[in-house]
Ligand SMILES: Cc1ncc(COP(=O)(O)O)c(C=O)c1O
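Below you will find one chain, with nothing else, as structure tokens; this is the form predicted on its own, and questions on how it binds or moves follow later.
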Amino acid sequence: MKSIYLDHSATTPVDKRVADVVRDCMLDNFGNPSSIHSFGREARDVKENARKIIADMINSSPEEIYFTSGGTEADNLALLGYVRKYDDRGKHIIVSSIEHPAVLRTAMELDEELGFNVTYVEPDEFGTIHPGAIAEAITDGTILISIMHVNNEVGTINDVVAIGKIAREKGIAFHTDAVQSFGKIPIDVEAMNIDMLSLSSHKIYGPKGVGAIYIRKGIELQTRVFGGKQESGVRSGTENLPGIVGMGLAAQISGEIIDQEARDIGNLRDELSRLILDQLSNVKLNGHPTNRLPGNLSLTFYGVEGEALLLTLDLQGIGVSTGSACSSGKSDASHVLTAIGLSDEDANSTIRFTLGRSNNLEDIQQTAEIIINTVNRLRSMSGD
């Protein structure tokens, strides 16, 4: 039985070309990038090449890219680093209620423990955060707005251009978590009026444990990690050079095929959706029907326990998710799904399929057939 991986929003398999360059870097570029001898200079050169690749991907300058341990650290650094640096300007921030936990829990810490006032803007029924709602939430004390580019559970794409414009006109810093969108749909920090941007390697077929943050020139963050002032003092500690090099190559590959890959994966996603919705009743599509990430498909199978469906699919070689991987192990219903109007019971009957570059039409047809048979069997067993 062929295994089919449909959980690419949780993580992606490392591209073999990326794995090869990571291995080569570990063996050949073992020098410390901070050292001034030839070994250090060679290491520094490959690090700076990766920085330039990532900068070019989002239309920034290399000096505005800082490497981190991943998207979570980048999100934490953006929020905590900014408000602690500029808290004399105000103590109000705006986030959405459906952010990734890396943003949401940081905002809650600021709200509950550090004396900041946080407004949690609600989405509409499609998971869209409307620019008008952001504008209405702004106060005289607002210093930071953080709204994700793409929702990690339902795939809805937010209008960060309009949100960034509102923030820019008000003189408020705008951060967006682009972990799910980077390398999958175009990003232009200048056109989108973005001041800070969080990125991750392992969502684009790169290694885990490395990410980056874009910080617009002129913005300073209070450092969270003290040490030898690597990354211009923004993030001290000897850099994860093999990871950085791998992220650079993964970004380069994604950038070269971004448009075609989005079309191909979007077509496969649409076919999976069509096959399931045409042959199963009582199934609901979550998220925006068209304005969504190409590979994301969130479906609620009414009358079916999502975890039972997931485990049954796993036994048949199909890997999917009941929500975001960062929320696995929780008994509570997804905060994203309940925010867009699903009951706890229906949220727990939801499966997230996220397709990637290794999937093909045969995978989709096989998955749809297994899904249809499994859902019908589970419903018959429960009497629904």
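None of these values were measured; they are calculated from a predicted model. Numbering starts at 1 and follows the sequence shown.
Another form, the form predicted together with the named molecule, is not on view; read the next lines as being about it.
A heavy atom within 4.5 Å of the named molecule in the predicted complex is found for exactly one of Arg292, His202, Arg235, Arg269: His202. Listed residues Ser254, Asn193, Thr72, Asn158 were compared with the named molecule in the predicted complex; Thr72 is the one with a heavy atom within 4.5 Å. Annotated contact segment (heavy atom within 4.5 Å of the named molecule in the predicted complex): 179-187, selected among 163-171, 179-187, 85-93, 278-286. Contact annotation for Asn152: at least one heavy atom lies within 4.5 Å of the named molecule in the predicted complex. Residue contact with the named molecule in the predicted complex: Ala78 places no heavy atom within 4.5 Å of it. Met148 belongs to the set of residues with a heavy atom inside 4.5 Å of the named molecule in the predicted complex.
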